[in-house]
Structures are given as C-alpha cells and as structure tokens.
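The chain below stands alone, shown as structure tokens; this is the form predicted alone.
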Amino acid sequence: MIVEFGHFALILALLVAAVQTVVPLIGARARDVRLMNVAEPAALAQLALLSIAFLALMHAYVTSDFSVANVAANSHSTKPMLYKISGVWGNHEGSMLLWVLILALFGAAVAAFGNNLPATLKANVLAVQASIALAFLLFILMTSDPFARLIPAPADGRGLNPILQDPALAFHPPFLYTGYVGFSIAFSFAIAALIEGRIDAAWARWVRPWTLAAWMFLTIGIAMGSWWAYYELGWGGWWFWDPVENASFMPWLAGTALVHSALVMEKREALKVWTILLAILTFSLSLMGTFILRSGVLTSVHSFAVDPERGVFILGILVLFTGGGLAMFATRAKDMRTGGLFQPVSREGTLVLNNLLLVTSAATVLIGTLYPLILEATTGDKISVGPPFFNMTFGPLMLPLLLAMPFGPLLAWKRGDLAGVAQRLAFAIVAALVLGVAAYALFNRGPWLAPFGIALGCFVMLGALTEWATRVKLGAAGMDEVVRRAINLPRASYGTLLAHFGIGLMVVGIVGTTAYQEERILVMKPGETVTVGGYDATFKGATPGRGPNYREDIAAFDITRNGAAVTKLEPSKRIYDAPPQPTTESGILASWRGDLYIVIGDEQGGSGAYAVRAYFNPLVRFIWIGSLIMFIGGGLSLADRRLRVGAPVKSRRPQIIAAE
C-alpha cells in the first residue's frame, strides 16, 4: 500500500508541476498577483509530494519488498542497512527520483527564502524551474517508473552492484546531484530575466548564492567520486578522464566561470550578456552529463542505464531546454545593455581571462568526450580519446589561469596597477620558485616541467595568503589594527581565500602524484619483498575470509621503512554473493609524503603466489584536502550575510494590482 501511495504522490507531483509551470507565467505576463502567488505553495507542495514518493521507495528497500521490480533488481535481503538505503539511488530509476527531488528542493528554497525577489521575477523563476521538473517527471513515469510491481514477487533480490556497496558511494551521488541540479536555478533565473528583459546587478546578487551553493556541492561530489575510484577500483590513480568523470567536470568548469562572471556583473554591471549565456550553458552541460550517464551511448563503471529509448527521451529534454534557452537568448541578447567598461589590466580583466580559459577548457573536454561517440555513430569507426589528449590540451589552458589567479584579487576594479601588484607578490613568487627548486632536488626525476607545476601551485597558495595579508595590513599596521581588520573582513573574502588556497594545494597534489608516481607489477610468493617509495612490503600470504554478503581472500603485507616496522596492510579480493561479482579492496598506507598503495589480483598457479600491484603516490592526499578546503571556502562565502539572501537588504515586494 505504501508503494502505491508513493506512486500516487509522484503522479500528483507531475500535476502540481504542470500547474506551477503555466499559471505563474500567465500571472506574470498579466501582472495578476493572484496567479503569481500560485507559484510558492505549488513549489512547496511539489517538494512535499516528491519527498513522500522518495520515502515510499526507501521504505520498500529497507523492508526488502521484492514485489517492487526496482528493489528486486538492486537489493538483497543480506545487504547491510546502509547499502539498502543507498541502493535507492544506486540505480537508474531511484537516482532519477532523487534528481527530481533535489530539483524540487531548490525550487522550494527559492519559494521560501526568495522574499526579496520582485514578484514577477520570482513567479517566472519558479515557473521555469517547474517546467524542468515537469519534463523529468514525465520521463520517470513514462520510461523509468521506480514503483513498478513484479507478479509474482521473487523470494530475494539480485543485489546492488558490488562496487557501489561502499560508504563513499552512499554519499557521492546525493552531493553530485545537488551540484548538477543546483545549476538549474541559475538557468531558471537566466530564462526569467530574458522573459522580463531586465538584467542588472540586483539579478546577479540574487542568482550568485544559488550558483555558489551548486558549485560547492558539485566540487565535493566530484572529489568524493575521485576518492572512491582511487581506493575502490584498484587502478592506483585518482582521475582517468572517463567520459562520465568528464560529464561532471564540464559543468564544474562552466559553473566556476559563472560564479566569477556573476561577481563582475554584481560589482560593475558588466558581462551581462556573457553571464546569462553561461547560466544557460552550465545547466545544459549538467543535462549533457545526465544524457551520457543514462543513454547507453557508452559503457562505464559509472553509467546507470543502457536503454536507448530512455536516451532519446533525455536527448529530447536536452534539446528542448538547451535549444529553447539559446533561442530565447539569441532573440533577446541584442536588447541587453553591455554594462560598465574596464581596462584589460583590472580585476574585471583577470575575471574575463578566467572565464575564457575555463570555458575553452570545458569545450576541450566536451570535444574529447563526444568526438569518439559521434565518429562511431556516423562512420562506425571506433577510436579512444584518453589521458594523452586531455593532458596535452587541458594542461596548457590551466597554466595561464593559475598564473593569473593570485593577481586578480589584488588588482583594482576598472583599472589596475600590474607592476604594483607584482611587487606585492614578490615574496610569493620567490618562495614558490624556491619550493619548486626544492621539489626538483627532492625527487630528481620525472618530467622537467613537474617542479614548475609544484611551484605554480605554491604560488597560488602564497598569493591567496598575500591577498589576505594586504587586506589586513600585516606588517604595515599595528597588531591591534591587523586583528581588528582580520575579524571584520567579510566571510566571503575568507571564502575566496580558502577556495584559491585549496586550488593551489590540489595542483601540488595533482602534479606530485602524476609526475612522481612509482609502480611495481609482479607475482609474489609468501616471504618475498617488493620495494616502492622507500617502503619494503613483504608478502606473508593470503587467507580466506567472510563478510556479511561476500567472501574474500585477504593478503597480508608487513611494511617496513629503513628496517623499522611501520604497519601491516591487508588488501583483499572479494566475490559478492548477489550478484556474484569480484571487487578489489586496496591496502593503503596514508602519509603527508604520499600513499603506499597495494592491490592483489588472482592467485597464480595454486602455489600461494598472487599477482600484486604496488604504487607510491606522492602528495596524493593534497588533491582531496584541497577539494575539501574549496568546499569549506564556498560555505564561508554563503555564510556571508550579503550572499545568504541574495541581496544586502531585503527589498519591499512591489504592489501589483490584480487583473479584473
């Protein structure tokens, strides 16, 4: 009965979304306050109904109701409770329900907390947001019903994909979807502004916090996915330019550009046309990721569905909103005023450079991801575009971006003094070069550009600290004055500092582990030792083990360094009961210097020997620590009162006379 109740709530949510799409739009056009006021309760009702539907599906998973086809296909009675719950979104149908639930959550948040918005803008935003929900609710009910019944019900389920039975994968999709879907609000604001024909600094203040929130969650979602792939898949790396990894990375690049572009628009009323276009493109790239993940056009450990019919439906949604948004932009762009002027050497100039490089990088990733698919569809030829292409094209675009990053916050608006800023950054430049030389002396191997990359990452971090020191007058004023300034510095300033510092730390980690990784692949018998990264790993043999829903072979390695015992690592090879699929569990010794990483393969010849891969990944932890610092920085910025509500002062709602 609960399942039917959830299905009914999903149908009601569809009807509410249809009303929310049409009625407020008519009200905004007619200036009818009664019709516009429908948007707020409709958005809240839609969220309530979708929450009921989602909880009903979760109840079916928790109680192992195998009469529901989705539960039977993706759960099992012996699964731990955490994975029964995460199994709700560990499949296509359930994840789409989560997708549209988060979509409704953002719409309801605008309805509840957007009281400072003009009535017509708010009505249009909520109507556009509801139109997106309407399209995806139609998709769910027509092609991906999560509540479909099985008659007769099987005695047990087939189980969740074993590689998804992991704590990181229990939390990675909700964070990632919050980022993906969060950019829908920026899209809705952009379309609403095009409908009204009014775009100004106030619009940028209203849209910026929603965009920043989406960027935060997408950042931490991508980082969690990278961390999961690192320790769960046993590949020894943190990023593989997988098409689905690229699908989340592209909207992150465009979203980063959008956050900075909205800042220029808010402060200087410049880049209006560009900011609107970015808002449309960023959400379009999020829809592109949804299409890639669920269309069946590629096979990946990340992909959910291989049904072309579903892919065609999502492609139609992508064309509708992307094409419709761009068409509206094309018709209205000529009527938009360009805004304030500025010199190339200025804070606006560096942000424009930031935007151009980020968007070009996103386009590069898009071409590398889609070209093999398009070529195969049109000619039948199969090619592989992998890390060499992306490293050779994406890397050079990031170099000028990172070099300019410390200069931007120190330059004045409208017209800056580049020489003066370079003098302020003199210590950061010298210190970064010294650290680059130290990296060369320490590793003394690898690509010749690697020390420069580490120096560049250090320059970004030191540049962020220099900007803070300049603002609090460290060394130029008394300590009391410095402390007072540091306390009174806006939270958004600290957020920017942490975000830039996190990027620099992440760059150091990326360069360190990419350039200086050590790898050993061999077959080891009990008693044999392999040396990697300064550690000696002695294989002591493997023993069988049993988990709640899997059996495994657990290898034991004694780890020593310079003859002293360090720890014991126990990587394993698991075979799950349902479905009977193998997974690799890595053994990792984490340290600030780097990770010792060991995985085992199959037994070789029945003699107790196992295939072993051992890696040493220098500085790899800095990648995820940097991502976490970026996420915290975004949170600090959102905590700033000027961003919490989207405008410094709550404006009075305009009085609109109801139509007769």
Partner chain sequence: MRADDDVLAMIFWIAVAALAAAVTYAVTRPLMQTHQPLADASEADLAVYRDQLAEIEADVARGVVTESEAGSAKAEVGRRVLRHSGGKSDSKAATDAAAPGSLLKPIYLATSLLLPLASVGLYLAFGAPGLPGQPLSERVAAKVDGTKPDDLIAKVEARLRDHPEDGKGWEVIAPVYMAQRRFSDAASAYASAIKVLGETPPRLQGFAEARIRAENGLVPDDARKALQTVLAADPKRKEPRIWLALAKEQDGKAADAASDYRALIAEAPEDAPWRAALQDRLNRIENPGAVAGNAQSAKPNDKGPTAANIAAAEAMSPDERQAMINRMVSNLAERLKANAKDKDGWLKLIRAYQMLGRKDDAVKAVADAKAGLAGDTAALQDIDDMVKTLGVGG
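Positions refer to the first chain, counted from 1. What you see is a predicted model, and the numbers here were worked out from it, not measured in a lab.
The form predicted together with the partner chain exists for this protein as well; it is not shown, and the discussion that follows is about that form.
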Check residue 210 for me: does it contact the partner chain in the predicted complex (non-hydrogen atoms, 4.5 angstroms)? no
Does at least one non-hydrogen atom of residue 534 fall within 4.5 angstroms of the partner chain in the predicted complex? no
Examine residue 105 and determine whether its closest non-hydrogen atom to the partner chain in the predicted complex is within 4.5 angstroms. no
Decide whether residue 593 counts as a contact residue for the partner chain in the predicted complex under a heavy atom distance cut-off of 4.5 Å. no
Looking at 567, 543, 529, 77 here, can you tell me which has any non-hydrogen atom within 4.5 angstroms of the partner chain in the predicted complex? 77
Just to be sure I understand the contacts: of 169, 288, 223, 119, which is the one whose heavy atoms reach within 4.5 angstroms of the partner chain in the predicted complex? 119
Could you tell me which of 438-446, 318-326, 261-269, 458-466 sits within 4.5 Å of the partner chain in the predicted complex, going by non-hydrogen atoms? 261-269
Can all three of 99, 127 and 621 be found with a heavy atom no more than 4.5 Å from the partner chain in the predicted complex? no
Taking the partner chain as it sits in the predicted complex, which residues of 403-429 have a non-hydrogen atom within 4.5 Å of it? Please list them. 412, 414
